[in-house]
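Heads up, the chain shows up twice below as C-alpha cells, two forms, tagged structure 1 and structure 2.
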Structure 1
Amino acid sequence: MMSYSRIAAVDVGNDSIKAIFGKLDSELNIPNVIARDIEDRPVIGIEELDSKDPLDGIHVRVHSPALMDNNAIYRIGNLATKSNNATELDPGSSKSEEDQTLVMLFATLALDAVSAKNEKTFPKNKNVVDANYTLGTGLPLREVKEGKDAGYRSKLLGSVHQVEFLITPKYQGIKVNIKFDEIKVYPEGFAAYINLVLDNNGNIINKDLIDKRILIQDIGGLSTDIAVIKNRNVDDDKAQGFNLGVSEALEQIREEIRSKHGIELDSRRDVVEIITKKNDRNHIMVRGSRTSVHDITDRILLDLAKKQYRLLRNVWQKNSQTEICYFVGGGSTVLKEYLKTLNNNLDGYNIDFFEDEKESIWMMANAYYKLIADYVKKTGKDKESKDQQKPVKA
C-alpha cells in the first residue's frame, strides 16, 4: 500500500493551537492547556461517551523520543482547564524546548488522523492508525535566530510519535503512530508577511504592500516579533524578537479577579473572552450580578500596551523609512484599543489592525499552510491532486 503524506499547518499559540489540514478540508482550535493525569480518571455518564464531542474530552498517553517526560498521560484542552493541576506555557520559556508544545502538536495531529473524513487517507487497522504528515509550523523569531529551529525539527523527524486515546469520546482505545515526511519551521514574523501578500494559491493579493517598507508586530502570548520588510524580503538582521507577550498580563488579571471578586477563571482564554467579547466587555458575573472589572483590565493592559509601543518606537527609529506597521496575532486583538489610544496621543505612526479578530488569530496557521502547500507543490509531493497551489511569487 502506498503511504500518503497529508499536509498539516500548525500554529502552537500560547492561548490555543490552530491547525489546518489537507486541502483546507479540516481545521482544529484547541486551548493550549494540559494536565498530567492517571489512566482511570472518573467519567460521568461513561455509557454516553461516544455521543460527546471528542474535543471536550481529550485524554491521551503520549509516547515519543522527543519528549523529556515520555509515556505520560494527559488531559488536554477543555478537559484540562477543569483540572487543579492544569499548566499553560510560562513567560520566559522557549516554545521549541517545552514538552507541552510537542504534546499539543501530537494530540492535534492524532485527532485529525482519526476523524471520519480521514479514514481513507489513513486506513485504520485493529485500532491502530499510521499517519504521515508534511508539517509547516513556526517558532518565535528569537528562537529561530538562536538556531533552535534546527533542533526542534531534528527531534521530530526520523522518529515515530504515538498518541493513544484513553477515555476520549469516539476514539477510546485507538492508537495513532505519527511520522513526518518533511517539516518546515518558519520564523513567525516572516509567516505574517506571507499571509498579508499571498492567497492560498500563491497569488499576490496585496500589490500595494509588495514594494512598501513595512513593519509587522506580531504579539503573542510569550513573545513579540517585529519583522522588517523591504524589497519584498524580511531583513533578518533588523528583524527583532522580544521576550514580551500578553500571557503574564492575562495571568495577573486572572489573579486580581480571584483576589478581589473571589471568581476562579479556568484559563487565560477565559480572561481573553472577558476582554474581547462583543457584549458586556470587561464584565463578569459575581453571585449572579453583572460586575465591571474595567479597573483591573485597563490598568494592567495599558501598562503592557505602553511596553509594546516602546518596542514599536525603537524599531521604527532604526528603520525610519518605514511606511506602515501592521499589528497581528492574538495579543494585538487584546491590546488594540489601548495601542490606538497611545498612538493617537503620542507619535501618530501609521499603524493598522485587522478588524476581523478571527483573521488575526488564525494568521500564523494560514501562513504556514500557504508556505507548506507551496513547498509540496514545488517538490511534486502532492499525491492528492494536480491542481494544487501555484509557486509563491513574492
Structure 2
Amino acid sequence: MMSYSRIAAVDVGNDSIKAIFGKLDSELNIPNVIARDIEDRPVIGIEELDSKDPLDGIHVRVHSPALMDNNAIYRIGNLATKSNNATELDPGSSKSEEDQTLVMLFATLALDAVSAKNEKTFPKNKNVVDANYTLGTGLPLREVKEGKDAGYRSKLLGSVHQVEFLITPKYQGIKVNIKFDEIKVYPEGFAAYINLVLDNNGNIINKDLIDKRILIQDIGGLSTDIAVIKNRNVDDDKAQGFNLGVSEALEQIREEIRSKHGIELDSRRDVVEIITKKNDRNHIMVRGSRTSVHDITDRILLDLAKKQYRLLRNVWQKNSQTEICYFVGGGSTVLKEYLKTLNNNLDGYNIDFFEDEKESIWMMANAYYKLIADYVKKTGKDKESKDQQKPVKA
C-alpha cells in the first residue's frame, strides 16, 4: 500500500528546535529543554487542559529502539523550563548521540502529526495516528566529519518511534507512530550556504555568491560554527566548531540584573527581549520606574563580541582568500551592532548580517527544507542516491 509521506525539515538547535512541514504549510519552534518525569504529573482539570495551548504543556512518553532510555516520560519545552530538573544540551556533547535530540525530534513531529490541520493527512484510528515523514535535518560539521551522520540516520530509519501524549492539552491520550520514508542528514554549515544560494524550487538566487569563497559564522545558543565554503562545497578540513554561544552571556546579564536591581527575569528569552526590543531597548521597570541596564548589557555583550571577533580573525587568517563572511544564528542578531563596531575599529573585514532576525534564526531549517523538497521533487525513483553534499549545479 502506498502511504503519504509528509516533508519535515527540522533543525535541532541547542537553544530551540525549528521545524518546517509539508508544502511550507506549518512550522514549529520549541525550546530545546526536557525534564524526565519520575511519575505522572498530577492531573489538572480536563477543562483547563483543553483551554491551554498544547505547546505549553508537552508531556509525553517516548518509545523507540533508537533511544538509550526507552519508554521514559518527559516534559518538553515551556513545560520543562518550569521544572527543577530540566536539562539542556551540554556544549561538549554530540547531538547525534543524545537521547535529548531524538526526544525533541519525535515530539516535534508528533505535534505536527496531530495538529488539526493534519486530520486528513494522517487519519486517526482509535486515538492512534500513523505518520510517515521524509526528513531533512542536520548535524554539526564536526559530527558529520566523524561519520556520525550515517549511524544517526540508520537508527532513525530502521524502526517505528512512538510518542504518546500524556497530560497535554487537546492531545491527551493520542499515540503517534512515526516512520521515516527517507532521511537526509546535512552538515550545518553547508546547509546555510545552500539557503543563501538556492530558492525553494532549487533555483539559484544568488549568482554573485555561488562561486565566492565565503565564511558562515553561525552563533547559536551554546556553540559557534564557522563553515568555509569553496568551489560550491564546504571545506571539511577548514571548518571549525567552538563551544561558545550566547546563552552564557544572557545568563550572566540576567544574574547581574538580579543582583543589582533585584529584578528576577524568568528566562534568557526575557533578556533577549530587553536587548533587542525596538522601543526602550536596554531598559527595565524597577518598582515602576524606567531604569537603564545598558551598563550591564554593554559590558557583557561587548566582551562576547570580542571573543567572537577573535574566532573570525583566526579562521580568516587561515583562509586569506575569503571574500565575505555572513553572520547567522540568533547570536548574530544579539551581537550585530557590537560586531559591526568592532570590525569598523579593527580589521574592516567584509562581513554581513541578515536584517530580518527570523531569517537569521531559521537559516538552517529553511536550508533543510530547500534540500529535502528538492530531493523529493527530483527523486521518487532515485531513492538510493547519496547526494548529501553534491556541489550546487549552476
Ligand SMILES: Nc1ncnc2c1ncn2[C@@H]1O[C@H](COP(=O)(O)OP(=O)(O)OP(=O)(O)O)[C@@H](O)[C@H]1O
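Numbering runs along the sequence of structure 1, starting at 1. C-alpha atoms forming the largest set that superposes within 1.5 Å between two forms make up the rigid core. Quick caveat, the model's predicted, so the values are computed rather than measured.
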For this session: Can you spot the form predicted on its own among structures 1 and 2?
Result: 1
Exercise. Against the rigid core, is the Cα displacement of Glu251 between structures 1 and 2 at least 2 Å?
Worked result: yes
Exercise. Quick one: once the rigid core is lined up, does Ala367 have its C-alpha move by 2 Å or more between structures 1 and 2?
Worked result: no
Problem set entry | Core-aligned CA displacement of Asn282 at least 2 Å between structures 1 and 2 | yes
For this session: After aligning on the rigid core, report the distance the C-alpha of Gly241 travels between structures 1 and 2, in angstrom.
Result: 3.6
Exercise. How much does the C-alpha of Gly262 move between structures 1 and 2, in Å, when the core is lined up?
Worked result: 6.9
